[in-house]
Ligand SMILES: Cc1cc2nc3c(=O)[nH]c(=O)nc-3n(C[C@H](O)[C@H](O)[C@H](O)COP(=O)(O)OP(=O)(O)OC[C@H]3O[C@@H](n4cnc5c(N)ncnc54)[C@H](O)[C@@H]3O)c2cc1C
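The form predicted on its own is given below as one chain in structure tokens.
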Amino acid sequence: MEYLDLFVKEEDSLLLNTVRKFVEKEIFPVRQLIDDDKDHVIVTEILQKMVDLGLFRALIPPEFGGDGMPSPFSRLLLRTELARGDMGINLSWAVTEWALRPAIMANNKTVMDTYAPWFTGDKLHLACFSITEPHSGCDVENVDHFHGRSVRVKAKLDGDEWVISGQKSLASNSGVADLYCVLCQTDPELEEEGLVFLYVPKDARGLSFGKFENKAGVQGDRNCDVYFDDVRVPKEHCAAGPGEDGKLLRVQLVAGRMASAANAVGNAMAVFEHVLKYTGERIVGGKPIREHSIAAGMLADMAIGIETAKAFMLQCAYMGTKPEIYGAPYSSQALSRASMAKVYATDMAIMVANKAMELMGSYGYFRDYNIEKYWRDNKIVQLWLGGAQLGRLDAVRGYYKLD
């Protein structure tokens, strides 16, 4: 079912087709090896090929030396295509943009002039968006309840420098990124008005890292604790500043949940392709599995879920381009829509993987058949950024006030 011409231009379609071919050539043959790639040799090689393809340049707007993306639709659809190959590799790429977005949205020329060349050149560089803290988990994402009070990583001005102290955890690309966008609190009594995003290079004095986490899935993405021991960065390396960065956090949460929906849709697309082929070739009771009515009904549920999640994701992206009608990008309405997209898409993708396993029997959980990998990967997507239940709370907050 193709309706993408409603959202994307011809140049978007050319880019999407290029990435789809890249995924099938470079990622599909090695996707089962990624979980065992402890030193990230395969992952790094693929990410470097994405640099060569121009995908990292596409993360940077033209005004800062990159190629940019023609529309928010192409951004989401690129993520579905890459997640169709491997969620972790997609995440390493996508989070690099997520980390740079506060400086881009704030038009912070100092930050972008300093660091954008890292991501527009020929060598692989990654960025990390670090907001979660070990003591509070998803409290930072629960902005309408905690309002920034749960952030314990402190930032204080000392002359012309910010001084950062505290600990972050679980952020994508942590420990391997060259640049860190770090959410800090200047004064808890100011709540969201006291929040700031500060940019820290990996070689900053006082910055250190814990061991990499061993996860059930998404092994193509690194996570570890990050420690800030009076780390100093220039005053200008704050995205927009206190009072504005709190709004940027809300915009980031909207973007993150939309990207999560795209990840889940791409994940489910890959699973559906596998099971459709398998059930067309596997003979049971004298005919292919998918010709049995019970199997056909299960496949129908999977197709319905994928198409509706994808369509709603694109609808939300369209509404985001019309803030004068549908609310500012930091509004409760925007976060509500994005949360619904994430909750629905991740629930759907797990349903699709579950049904695929049922249709494939023992082969569904064999690693060689890939289904169990997508099942493990998507469960992590469902849990990050506050998880499925906080997502539901934020969804309903678009309709009434709920503390």
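Note that residue numbering follows the sequence shown and begins at 1. Remember, it's a predicted structure, so these values are computed and weren't measured experimentally.
Form predicted together with this ligand: not shown, discussed below.
Participant: Of 234, 137, 243, 280, which one comes within 4.5 Å of this ligand in the model of the complex, counting heavy atoms only?
Facilitator: Comparing distances to this ligand in the model of the complex, the residue within 4.5 Å is 137.
Participant: Taking this ligand in the model of the complex as the reference, which of 380, 23, 16, 395 has a non-hydrogen atom within 4.5 Å?
Facilitator: Looking at 380, 23, 16, 395 one by one, just 380 meets the 4.5 Å heavy-atom criterion.
Participant: Can residue 272 be called a contact residue for this ligand in the model of the complex at 4.5 Å between heavy atoms?
Facilitator: Although this ligand is absent here, residue 272 would stay clear of it in the model of the complex, with no heavy atoms inside 4.5 Å.
Participant: Does the 4.5 Å heavy atom contact test between residue 81 and this ligand in the model of the complex come out positive?
Facilitator: Contact with this ligand, no.
Participant: Give a yes or no for residue 172: in the model of the complex, does one of its heavy atoms lie within 4.5 Å of a heavy atom belonging to this ligand?
Facilitator: Residue 172 belongs to the contact set for this ligand.
Participant: Is there a heavy atom of residue 186 lying 4.5 Å or less from a heavy atom of this ligand in the model of the complex?
Facilitator: Although this ligand is absent here, residue 186 would stay clear of it in the model of the complex, with no heavy atoms inside 4.5 Å.
Participant: For this chain shown on its own, do 142, 218 and 221 all sit within 4.5 Å of this ligand in the model of the complex, going by heavy atoms?
Facilitator: Judged in the model of the complex, 142, 218 and 221 all sit within 4.5 Å of this ligand.
Participant: Quick one: which of 194-202, 94-102, 318-326, 147-155 gets within 4.5 Å of this ligand in the model of the complex, going by heavy atoms?
Facilitator: Looking at the other structure, the answer is 94-102.
Participant: From first to last in sequence, which residues of 108-122 have any non-hydrogen atom within 4.5 angstroms of this ligand in the model of the complex?
Facilitator: Nothing in the stretch sits within 4.5 Å of the partner.
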